[in-house]
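Consider the single chain below, provided in structure tokens and representing the form predicted on its own.
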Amino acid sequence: MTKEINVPFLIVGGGIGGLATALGVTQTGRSVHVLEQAPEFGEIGAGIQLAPNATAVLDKLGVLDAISEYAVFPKRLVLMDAFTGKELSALSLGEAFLERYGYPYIVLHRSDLHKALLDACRANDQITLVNNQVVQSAENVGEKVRVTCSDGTTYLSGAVIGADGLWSNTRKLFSPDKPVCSQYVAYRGAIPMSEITPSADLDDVIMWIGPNLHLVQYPVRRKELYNQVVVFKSFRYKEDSDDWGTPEELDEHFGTCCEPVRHAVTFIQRQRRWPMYDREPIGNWTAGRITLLGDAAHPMLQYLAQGGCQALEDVACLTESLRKYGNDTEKAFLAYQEERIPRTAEVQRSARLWGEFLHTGDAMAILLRNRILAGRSADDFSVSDWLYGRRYM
């Protein structure tokens, strides 16, 4: 016999976006259930970068202080040439940056961010967290939404927010599209500080770039760990296959880089690879009392470090829309997507272009890129205003 549960508000997905959404929704006076498919709430991966457009939201959600206990506050974002070892450009994150944007740029372990959000949700009497619920479908039924799970459980809710990530089942209601593989793959991990070369600058977020590859480095967890991610394009890509982007290809790509990069790559964990996907922007992600958020709505490549930031912008915008329109959830959802679709589509497309800019192998393009980068100062924030300056709460 199927089990049917009535809930006022339902979020599909208990990751960073889903938990942040739960905190935002409760600020509008609503109670909410969060359905997570895993047996336990948790976060995989390593580091995450959060720009001021994200830390501003975390502050409004009441979790920034808790997160700051684990976070690192870097002094600069730095682009380095992975082959010559020369610095190409930097963005200062000091006092002028903080004065301009009002909030800091931080880096931390994804699990620390998730734990802070989870602790806040568990301390909130308006939030109910439910595990082992794999959502298969959602449909509008009159003034309710029926959500069906793989174990036969159904929920009737006044509204549903699909925050179920890149491979979202909720998104299928709006589009038959599939994730687009970039043919790039990442290997990542965080290692103890004791393993790091003394020459590493632990106050910076460093991206080493070269044709079809890059390496990102920065400290996390109070500088106890050093996060490293290597990314490269596989020339052996095969659709619907795992036989590409191998550790052997990793060594081939990075074997001719400068010594600091070659040294860093020796510490990269080889057991797991992350193929890199995004999706094409879509023109609608709302139907009645159902809407999408985060990677379910607008998954993007990570070259601008904005995936998590854009999910948190979604949370802020949706929270304010729900507050503005009160009980008219459908109008709130439509107003939310009207604001967010153009913004997130621009970031999605820009992330792709930035990846091409960083990874170009054309000699003339490299020369022009490096001259452009060399011509700007570290406190020229005009390049980041459009990303970091957006506020909703």
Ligand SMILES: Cc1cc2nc3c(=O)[nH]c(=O)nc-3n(C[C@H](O)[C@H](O)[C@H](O)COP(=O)(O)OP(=O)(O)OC[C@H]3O[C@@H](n4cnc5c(N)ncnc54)[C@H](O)[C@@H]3O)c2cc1C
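So that there is no doubt, residue numbering starts at 1 and follows the sequence shown. Predicted model only: the values in this text are computed from it and were never measured.
Another form exists, predicted together with this ligand; not displayed. Remarks below refer to it.
- Of the candidate stretches 61 to 69, 33 to 41, 358 to 366, 329 to 337, only 33 to 41 contains residues with a heavy atom within 4.5 Å of this ligand in the predicted complex.
- Residue 344 falls outside the set of residues with a heavy atom inside 4.5 Å of this ligand in the predicted complex.
- Proximity of residue 161 to this ligand in the predicted complex falls outside the 4.5 Å heavy atom cutoff.
- With a 4.5 Å cutoff on heavy atoms, residue 23 does not count as touching this ligand in the predicted complex; it lies far away.
- Among residues of the shown chain, residue 291 is not one whose heavy atoms approach this ligand to within 4.5 Å in the predicted complex.
- Of the candidates 257, 215, 305, 120, 305 is the one whose heavy atoms come within 4.5 Å of this ligand in the predicted complex; the others do not.
- In the predicted complex, the residues of 107 to 142 lying within 4.5 Å of this ligand by at least one heavy atom are, in order, 110, 133, 134, 135.
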